[in-house]
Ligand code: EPU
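In structure tokens, one chain follows: the form predicted on its own.
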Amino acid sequence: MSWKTKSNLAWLGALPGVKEDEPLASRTSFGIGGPAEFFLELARPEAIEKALDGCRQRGIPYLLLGAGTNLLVADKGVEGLVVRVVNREHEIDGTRVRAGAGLKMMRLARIVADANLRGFEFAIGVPGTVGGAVYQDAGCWGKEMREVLVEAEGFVPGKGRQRWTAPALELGYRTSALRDGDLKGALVVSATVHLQRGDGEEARQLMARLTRERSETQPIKTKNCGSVFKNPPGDSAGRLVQAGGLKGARKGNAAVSTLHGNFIVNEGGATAADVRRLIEHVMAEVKRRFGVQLEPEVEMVGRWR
């Protein structure tokens, strides 16, 4: 039985601040994707929790959206409710920092450096939000969120607010219990990280150097989703793509970056179908040439059938 009953649609349409058929392309770093049937952008977690509880009770599908990085939205859009969390508060208590799920990781990296805290410089290379970083154990330059995370506060529809320790979140390379485990569908409200006291100026200099290096080796000024594939054990997805002669490969207006093999760029007007066909082509070629099965890091959401 479809969730699209008259009462469910009326309930969704009556949510305060809700928008219908809201374009999502502009809310993703890829600049790709169809509309959300219903869309809410909220800073108050309590209002989001109420909406998610209502969806659970009514059997309405929902998608939690952060900065829209590491995401490929289907051309036909997303059914049900899409909720974007934009709570961006932060609080520093000694060497512990609590940050709202909607705060950008790059912004938080600069905030903690200004507070003379070290150990979070890697986040200058993570374009997503704090909530997204917890969701997929984001990282850069060999360091991941799990190395600094103390706990996260969140909400499970039907069960209320919860606190999760890092072990409870089962954080691993680009995965967690939130993405692939028992907490799937739960909302991250905030995260607390533990850092070290140090020289903020040194932290800023390191982040500036890392940013320069990143701009020289990654197509950061293009529309892309970040790394497309997970690195296979003991190897690099980008190296395999390059070794297979796949840099510059394209489907429609989606192309493998000539700067870095693990990036696909939207050259203007690329569709989600273009990107998906290119991902499948690259995977098939790497498998054929090297016997390695690449696994997508980018998450594909929405109506694909």
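We number the residues from 1 along the sequence you see. Small disclaimer: the values here were computed from a predicted structure and weren't measured.
Unshown form predicted together with the ligand; subsequent notes refer to it.
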query: One stretch from 77-85, 155-163, 221-229, 101-109 that, in the predicted complex, holds residues within 4.5 Å of the ligand by heavy atom; finding: 221-229
query: Triplet G139, G142 and H260 all within 4.5 Å of the ligand in the predicted complex via a heavy atom; finding: yes
query: is_contact(Q242, the ligand) in the predicted complex, heavy atom dist at most 4.5 Å; finding: yes
query: R276, heavy atom within 4.5 angstroms of the ligand in the predicted complex; finding: no
query: Touches the ligand in the predicted complex: E285 (any heavy atom, 4.5 Å); finding: no
query: Heavy atom of Q57 within 4.5 Å of the ligand in the predicted complex; finding: no
query: The ligand in the predicted complex - contacting residues of 173-192, heavy atom within 4.5 Å; finding: Y173, R174
